[in-house]
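Below sits a lone chain in structure tokens, taken as the form predicted alone.
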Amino acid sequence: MADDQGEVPVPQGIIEVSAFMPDARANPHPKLKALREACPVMRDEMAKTWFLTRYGDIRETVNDRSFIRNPMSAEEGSINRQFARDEEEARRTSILFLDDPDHARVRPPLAKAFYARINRMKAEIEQIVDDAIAALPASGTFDLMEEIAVPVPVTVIARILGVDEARLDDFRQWSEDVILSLNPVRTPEETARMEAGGTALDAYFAELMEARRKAPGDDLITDMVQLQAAGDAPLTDDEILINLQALLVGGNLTTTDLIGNGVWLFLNHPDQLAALKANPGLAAQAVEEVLRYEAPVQATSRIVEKDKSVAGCPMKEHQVVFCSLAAANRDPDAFDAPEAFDITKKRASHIAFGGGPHICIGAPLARIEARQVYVKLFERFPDMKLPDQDVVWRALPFFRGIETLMVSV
């Protein structure tokens, strides 16, 4: 809380700026600003991690290929070790946490096939968005998250993968269940749901892969099994399965939040909404500004492979370095008027998608979906408003997204 002078005390630990804390969940930016100004390189002994908040330090760190990602390499007691319950789970990991040489072997063929598929399906992806918006009620109040932000990304990725439309409801539920893997402090019940969803998805993807080997389709799973058969993608079936799940986990929730956060920002900044409606050509730049201003992914981490200096501080092998993307994206050393949401301003590149070899693989798809939603939603509902409500932000650490967003049309 702020004192009488309106100043925010400098946080002493990473938990204080995470969604675990109600004030930071509602608005993490004042605390992050205080840290960036007073202690831009913080050591949190309790969480066994370093925490960076300056744009320059973070951009350099995420692009530095000498850092590693596998949580089994992290210091004992660190947050990252919470993601590795045992060594078997850590070995069966996706590109999100793979290190070279495996990362350099697995990611390129997956990314090449994924990007080619997105490019071929761009019009179809936009049509999915248009159909969802057309199906909304013509008047009244509805939850934008439930009607658009949650179902659109799942439907899009299902279409890209080649999921049977008759299994779409199951697929959506399994997707919601595996997203629980992003929470390092799951309850036993949530862990059971996550594991059951993951098992069901594995079985379904294995079934689809076998079916596509016999009868190819026009989808990403066909692309992957054909690349594999041709020897162009040296991946095992298990590696394909776990990375198809990673596309779900890494893409659905964050695209949902990019859509929800953007609509919320526009409805709270009528001047910016007016600018978008007057010039829909600003949509691409608007997506970048939403990503900068209210990034769905608040932080990313790296692990020090060998003793080295990071952001001017000596750090030791196995130590974890958390990078606050949210703090970096409002650093006045990188952005003019960083606290202003302004889609008309051409800004420096944000780092909401991270960087380096682990830059977000789903970034191009998220941009297509968000851009289409922003333009078409306000085109259909030019007078959309936010009714009085207490907006509740999700309590998922290091992510930022709205649980429910009621809108009136």
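Position 1 is the first residue in the sequence shown; the rest follow in order. Predicted, not measured: the structure shown is a model, and the values here were computed from it.
The same protein also has a form predicted in complex with a small molecule, omitted here; what follows describes it.
- Segments offered: 297 to 305, 233 to 241, 144 to 152, 125 to 133. Contacting the small molecule in the predicted bound form at heavy atom distances within 4.5 Å is 297 to 305.
- Checked against the small molecule in the predicted bound form, the residues Ile343, Leu35, Val373, Ala366 give one hit for a heavy atom within 4.5 Å, which is Ala366.
- Residue Ile157 is the only one of Val310, Ile157, Met194, Leu182 with a heavy atom lying within 4.5 Å of the small molecule in the predicted bound form.
- For the marked spot (Ile95, Thr255 and Gly355), a heavy atom within 4.5 Å of the small molecule in the predicted bound form is present in each of the three residues.
- Arg330 falls outside the set of residues with a heavy atom inside 4.5 Å of the small molecule in the predicted bound form.
- Contact check for Leu325: a heavy atom falls within 4.5 Å of the small molecule in the predicted bound form.
- The small molecule is not shown here, but in the predicted bound form it comes within 4.5 Å of a heavy atom of Gly362.
- Using a 4.5 angstroms threshold between heavy atoms, Arg292 stays clear of the small molecule in the predicted bound form.
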